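First, one chain by itself in structure tokens, the form predicted alone.
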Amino acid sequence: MPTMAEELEQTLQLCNKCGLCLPGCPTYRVTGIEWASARGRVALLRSALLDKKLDLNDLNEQIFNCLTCNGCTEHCPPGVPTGEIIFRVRQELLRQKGQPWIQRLLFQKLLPNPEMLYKASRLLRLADVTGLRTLARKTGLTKLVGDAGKAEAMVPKVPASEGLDAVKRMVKNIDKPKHHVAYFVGCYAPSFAPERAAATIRVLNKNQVEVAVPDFVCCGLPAAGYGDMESAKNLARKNIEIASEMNIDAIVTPCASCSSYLKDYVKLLADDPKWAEKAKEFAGKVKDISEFLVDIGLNTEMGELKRKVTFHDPCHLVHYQKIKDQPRTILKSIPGVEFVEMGEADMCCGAAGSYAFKNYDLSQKVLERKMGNVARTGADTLVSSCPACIMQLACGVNQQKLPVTVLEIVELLDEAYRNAKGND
């Protein structure tokens, strides 16, 4: 079996140090530090893995403060896949050091079990309704856990929710459906944003799409992001098995991170003879919701919305899936919407899943740059299609006190459909 250095040798040597990646690297743009750029990280990894001049364990900060947004790859002539390199190196570090207990609990116990994940979210709701979260902030207890304590304030209050079971009850039969899909709800919506799950189902129904809500588990991206590829593969196998028992046209999700990683099951399980073909079939059915709605022909029977709207491209939508036009097509189709393009719309907002919980200050610097671009549009509504982005952007709007409403694209579409004349 080849070593990691042997696996990455050719990929690392693709970098010719030209620096064209620098404008696409959010962390470099806000710090100006070479080792916080794609070129710098690749150079350090070459020195550690190929030249043996550095110890990989001394590069922990550089390896984990990469947003893996792939913005650099968009600007790179040879297409160096920095995000993939970083994921592989994190996997090696986990192999060498082992995994913290909190990550084992999350990736191996909670994420494979939606019911347990839901129960864990209820503990956070209990802290909200009893005032314990507020008390922890006022007494300074949150400061004891460093970046995670700072980032805790970004997490919105947990609403009353009944988890995935409640989402399933939102499903209804529709007359003469043209399409049958499985809704990949994801980890966030059932416990933290049930109204967005409801909006997603209503939007699909308005487009003559019959929706099923299977017991899918986490897509696996959080585990992969911390190097736990075995947990990511186990989650992938479980989702593939669930989908294989369904007669559906597509697997649809409004979460760009989920749709991106679900499509990546092809690469994730490519070396597994039992699952490779199944993964390919599964991934071929996965559609981001904006991609799916445009493909089937968006229902434009909507009511008017007097809004000035701009759009933030989630990294896993625009850089990984190359989906850029479809969300804009949808937004421009809504009567009354004035769409205005944002500068650096495809630049990462600094969310990157749980990035702020380990790199809070750097995450905030990236967010500040994004908020400056938002403010310059003069928009009153900021739209995106990723729960992590929405949470990060809403935090930025609140911090900067901008007169801007932050919505997922399904929420805006749902509002337009509900405003249509004769809507029931």
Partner chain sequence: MIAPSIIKDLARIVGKENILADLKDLLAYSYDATMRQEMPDVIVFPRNTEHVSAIMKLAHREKIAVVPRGAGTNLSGGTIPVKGGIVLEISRMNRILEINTADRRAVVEPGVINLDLQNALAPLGYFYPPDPASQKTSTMGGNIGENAGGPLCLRYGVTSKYVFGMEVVLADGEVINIGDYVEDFPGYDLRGLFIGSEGMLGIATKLILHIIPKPEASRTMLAIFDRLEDCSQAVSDIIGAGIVPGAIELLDQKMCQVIEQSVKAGYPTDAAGILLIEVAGLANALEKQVQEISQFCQKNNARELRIAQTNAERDAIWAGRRGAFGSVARICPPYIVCDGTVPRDKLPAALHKVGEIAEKYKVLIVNVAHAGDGNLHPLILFDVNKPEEHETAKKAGDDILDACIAMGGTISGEHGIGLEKMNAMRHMFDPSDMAAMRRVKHVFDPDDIFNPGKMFPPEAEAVLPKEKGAAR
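All figures in this text were calculated on a predicted structure; none of them were measured in a lab. Numbering follows the first chain given and starts at 1.
Not pictured, yet referred to below: the form predicted together with its partner chain.
K.L.:
Which of these residues, P78, G303, G284, P177, gets a heavy atom within 4.5 Å of its partner chain in the predicted complex?
P.N.:
Selected option: P78.
K.L.:
Using heavy atoms only and a 4.5 Å cut-off, decide whether all three of G163, V203 and N205 touch its partner chain in the predicted complex.
P.N.:
No, none of G163, V203 and N205 comes within 4.5 Å of its partner chain in the predicted complex.
K.L.:
Just to confirm the contact call: exactly one of 377-385, 64-72, 37-45, 390-398 touches its partner chain in the predicted complex at a 4.5 Å heavy atom cutoff, so which is it?
P.N.:
In short, 37-45.
K.L.:
Is L362 one of the residues lying within 4.5 Å of its partner chain in the predicted complex, judged by heavy atom distances?
P.N.:
No, no contact at 4.5 Å.
K.L.:
Using the partner position in the predicted complex, report whether L402 sits within 4.5 Å of its partner chain, counting heavy atoms only.
P.N.:
Flag for L402 set to no.
K.L.:
Consider L59 of the chain shown here, and say whether it contacts its partner chain in the predicted complex, taking contact as heavy atoms within 4.5 Å.
P.N.:
Yes, L59 is a contact residue.
K.L.:
Go through 18-57 residue by residue and record those having a heavy atom within 4.5 Å of its partner chain in the predicted complex; state none if no residue qualifies.
P.N.:
C18, G19, L20, L22, P23, Y28, R29, T31, G32, I33, E34, W35, R39, G40, A43, L44, S47, K53, L54 sit within 4.5 Å of the partner.
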